[in-house]
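Here we start with a single chain on its own, the form predicted alone, put down as structure tokens.
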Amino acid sequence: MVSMARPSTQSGSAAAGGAQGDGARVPLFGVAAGLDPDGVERLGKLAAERRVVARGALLFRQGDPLGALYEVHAGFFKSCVSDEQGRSQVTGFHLSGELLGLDALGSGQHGADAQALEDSVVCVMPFEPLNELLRDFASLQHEFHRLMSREITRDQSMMLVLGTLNAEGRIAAFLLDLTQRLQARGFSATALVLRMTREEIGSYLGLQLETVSRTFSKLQRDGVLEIRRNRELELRHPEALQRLVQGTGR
């Protein structure tokens, strides 16, 4: 989706990752307070495998069987679904610390492609050992379910956005959601570098490319945000974006 300058990214990853003393990185859902230390240690060992995914490459394809869940260690991904006619739609963006593969938990098959938007690294968690680990440690299972619930709630909120807001409101909701997720990981709440194209944003929000470009330009003219080198954004008035989401104007 969006990334910060490299120094901020490194510090944010450290905050979100929760490295153990032996250097093993614990996935984000395993670093909450009150979790069983033995369970956290086993989770760190389970997620020890790192996989490099080059920009534009697929981590998994729509229809692939569920073999593992993946935490984004570095980089950004988009999820995308295609129909029988070859038409494609972006269904989500995923940043450092977030899980990929949750879409396959119900059916056992991935419902979307996961494609890297930049050179990325994921931590691989084989599903069957992970499932066994969650059964053995109730606190870890509870935290994992809490994460899943948060993802479902966010998806439902975005569906409401797509069904009720105009173009400015959709762009505003997209930027606010993105910055809130980044801020939760220690990044800036106002400075962003977009890793997706305007066309991908439009696909996700149900807008034409021209509408996305026109809306960004209008928000810049109105002083709500500043765009530098096409993809670097500075949110100058987040409260104005919030009013657009609420339908009360600027």
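All residue numbers are counted from 1 along the displayed sequence. Since we're looking at a predicted model, the values are computed, not measured.
Omitted from view is the form predicted together with a further copy of the same chain, to which the following refers.
a further copy of the same chain in the predicted bound form is not approached by Glu71, whose heavy atoms all lie more than 4.5 angstroms from it. Heavy atoms of Glu151 reach within 4.5 Å of a further copy of the same chain in the predicted bound form, making it an interface residue.
At a distance threshold of 4.5 angstroms between non-hydrogen atoms, Gln89 is in contact with a further copy of the same chain in the predicted bound form. Although the partner is absent here, Asp113 is not a contact residue: none of its heavy atoms lies within 4.5 angstroms of a further copy of the same chain in the predicted bound form. If you take 206 to 220 and check each residue for a heavy atom within 4.5 Å of a further copy of the same chain in the predicted bound form, you get Gly206, Leu207, Gln208, in sequence order.
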